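The chain below stands alone and is given as structure tokens, in the form predicted on its own.
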Amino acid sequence: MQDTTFNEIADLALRYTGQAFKASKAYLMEARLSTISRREGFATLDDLAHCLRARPNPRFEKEIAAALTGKLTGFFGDRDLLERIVTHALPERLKQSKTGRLRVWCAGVSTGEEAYSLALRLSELTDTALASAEIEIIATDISDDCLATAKAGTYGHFEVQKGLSIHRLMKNFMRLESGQWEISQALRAPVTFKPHNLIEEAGGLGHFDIILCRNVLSDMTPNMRTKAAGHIAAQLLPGGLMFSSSTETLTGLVEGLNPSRDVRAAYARNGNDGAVEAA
């Protein structure tokens, strides 16, 4: 790949998703764009870049930028975090709710495993207050391909065997003739998948009691990370909690969002109606 090609595609990723690509990660760029290159008949990324210059196409550019984003996900990828959410964070929010309704946002959800893991874990809580609560899970991603996979709810054997026990797999999935596993309609029902770019405002999604944004912000430039964190936190209800991965921190990114005193590795919005904004 020529240096000019790398720079052009890296700039495209930055403009559309805020993602920063270093020259040392050129191999990662080639790997993530290999499917698109084969589909379009490009022998190299130099050919792809030439096409972008010759025939500018915003829709195609967005698809390329989305393909370049990280896809680190899996069923029950962080079991401890999931347990903190279902055994403490959500029950506490339910106590404060006047309607018995709770909303959760899984931001940058990729192919949906995180959202479905939460739905699955909630379905197992048959003897708690959460069992009778109305819990809506909104899951978003910039990639149309990822959202299509998530909405279909079908996964290969490699995906399901990484984080699911045999008991959970057999109880909640059906084996298809293709060899893939399809998640049950009961677990798909509470999850709604929508397209959203995290560097854009998210007011149309509404407000949430819990927000998960894991393994996404760390790939962005500092300025874009701050911008995205501000947009996400703005949708958090007063007293709500936001969770990142164990390798990420939100400290200092958003005014009005601080480490929770009660829930480990969570960030709480101030328990008032004060606004939150990028720091």
Partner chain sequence: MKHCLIVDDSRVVRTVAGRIVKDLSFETSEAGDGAQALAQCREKMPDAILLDWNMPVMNGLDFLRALRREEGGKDPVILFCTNENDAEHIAEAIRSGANEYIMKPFDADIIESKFSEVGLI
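Numbering follows the first chain given and starts at 1. Bear in mind that the values here come from a model prediction, so they are computed numbers and not experimental data.
Same protein, other form: the form predicted in complex with its partner chain, not shown, and the subject of what follows.
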Checklist entry - Is Gly163 one of the residues lying within 4.5 Å of its partner chain in the model of the complex, judged by heavy atom distances? => result yes
Next on the checklist: Can you tell me if Arg101 lies within 4.5 angstroms of its partner chain in the model of the complex, counting non-hydrogen atoms only?
Outcome noted: no
Item to check | Contact of His167 with its partner chain in the model of the complex (heavy atom, 4.5 Å) | outcome: yes
Checklist entry - Do His207 and its partner chain share at least one heavy atom pair within 4.5 Å in the model of the complex? => result no
Checklist entry - Taking the partner as it appears in the model of the complex, which of 114 to 122, 150 to 158, 84 to 92, 130 to 138 has residues with heavy atoms within 4.5 Å of its partner chain? => result 150 to 158
Checklist entry - Of these, Lys194, Arg175, Lys71, Lys171, which has a heavy atom no more than 4.5 Å from its partner chain in the model of the complex? => result Arg175
